[in-house]
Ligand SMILES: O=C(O)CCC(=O)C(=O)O
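Take a look at this single chain, the form predicted alone, given in C-alpha cells.
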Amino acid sequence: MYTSLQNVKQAIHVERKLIDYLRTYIDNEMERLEDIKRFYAKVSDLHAVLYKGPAAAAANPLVAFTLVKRLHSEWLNVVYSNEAQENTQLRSKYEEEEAGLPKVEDLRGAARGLMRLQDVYSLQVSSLVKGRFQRVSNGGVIDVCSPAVSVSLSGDDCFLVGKVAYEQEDFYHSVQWLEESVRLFRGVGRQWVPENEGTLEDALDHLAFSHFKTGNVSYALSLSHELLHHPTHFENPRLFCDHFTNNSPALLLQPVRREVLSLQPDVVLYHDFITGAEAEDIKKLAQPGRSVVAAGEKQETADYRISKAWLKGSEGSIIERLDGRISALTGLNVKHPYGEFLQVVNYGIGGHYEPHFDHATQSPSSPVFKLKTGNRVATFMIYLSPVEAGGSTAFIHANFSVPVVENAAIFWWNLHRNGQGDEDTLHAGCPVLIGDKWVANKWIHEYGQEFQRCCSLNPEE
C-alpha cells in the first residue's frame, strides 16, 4: 500500500486525525477523573482533620450519620458511577469490604435518630445543617451543646433524612428537612456530583407533596410550578440533534430539524414538521365525535378524550401532502392500507390518555388487525397546538417524557425487527393543565415495509 508518496501523505493525514481523537479521549478521561479526585479529596480531608480523635468524632450524631450515609450511599454511587466504570479493581475491592459496611436499615435508623434528637431537645434543623446544636428559647437562639468536632450537612444529606420521614408519611419532619435540602441544592446550582443520591428536582418533588399532605396547598402548588421549570437532563453522548434529509430528494433543499430523544425505545422529535396554517386546516377538517381506544379485542369508549376524527386524504389534499412528508422522513410506505387514516384528537378538560401500547398486544382479533396489514410497526404523532402546561407524552418504562412542542412530530418504533412488541413504548398522554391540546396520529403497519425495514440476522432484535 505504502509504495508511493501519495500513500504516505494520506497516512500522515490519517494519523493527524487519530491524534485529534486521542486528545478528545484524554480530555474526556481527565474530566471523568476530576469528580473522582474531588470525592477522594473530600474524604481524605475528613480523615486528616475530623477523625484525628476517633472518640470525639464518633460521639457526634451528625458525624456518625454522615459517616454511615457516606459508606452506604456515597461510596456505592461513586464506585458504580459512569465516572468509575473503567476501574474494575475499585469495584472488586469495594465488594470485598461490602459485608462490613452499613446496610440500608442502618442508614434509615441513623436518620430516625437525628429526628428523635431534634424532637427531644427541640433542635433547629437549620442549625443542625450547619453542624450546631441549637434551639429557640425566650425568643432567642441558644446552644444546647458545643461538640469538640462537628460537620455541616449537604443538600443530599438533608434529602435522605427528609426522604426517610416522607416514606413513613411523617410529613412534619419531611417538610423541615426537605426545606433545608432544597435551600442547599439551590445554593450549588445544578452542579451534579456522582456520590449524590438526590437532586434539586427530587427534593422539590418530595417537598411539594409533603406540604400538600400538611394542608399547605398553595405553597405545594408553587413548588410544583418550580419543578415544572426544572426539567431533569441526563447527558447521553449518543443523543444528538441535526438537520435530517433521510437521503430523500424531497428533503434535500429543506432538511427537517431532528432531535433524537431516546435510543431505547427509539424516539425522535421532528421540529416544525408542519406549519401553523396546515395545523389549523387539519383541525378544521376534524369533526367532533366520540373517542375510542383500540386496545384488546373490544374497542372501549374513552371518557378522557372528547373528540376524534379519521381524515382520509384525496389527491392534492393537505392529508396527502402530510403522508408524503411522513414517508420521506421515515422511509416507510404510509399509504392506506399500509398506514391508517390520519386520526385527529382534541383533549377535553383534564384530558389525558391512560398508559397503553399502540401495537396490539393480545389476540389477532384486535381491531388493529382489521386492515389485514399486520401490527402497528410505528407511530408518527403530530402536535397540532401548543399548551401552557401539562399534556406531555410520557414513556412509562423508559422514564422520560416529551413536552408539547407546537407543530413538531414524534416518531417511534412500536415493534422490534423480529415483530415482537417493544415494551418500552408503553406511553401515556399526561393531563392537560392549561391549554387546548390537539394531536394527529398516523399509525403505520408491518405490511408494505418489507424492504424499508428488514428483519435482522439476530432473531432477538
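Predicted model only: the values in this text are computed from it and were never measured. Residue indices: 1-based, along the sequence shown.
Form predicted in complex with the ligand: not shown, discussed below.
Taking 270, 166, 353, 133 one by one, only a single residue has any non-hydrogen atom within 4.5 Å of the ligand in the predicted bound form, and it is 353. For the options 156, 202, 195, 358, the one in contact with the ligand in the predicted bound form, meaning a heavy atom within 4.5 Å, is 358. Between 26-34, 65-73, 421-429, 39-47, the stretch whose residues reach within 4.5 angstroms of the ligand in the predicted bound form through a non-hydrogen atom is 421-429.
Every residue of the trio 345, 393 and 443 has some heavy atom no more than 4.5 Å from the ligand in the predicted bound form. For residue 381, a non-hydrogen atom is located within 4.5 Å of the ligand in the predicted bound form, even though that partner is not displayed.
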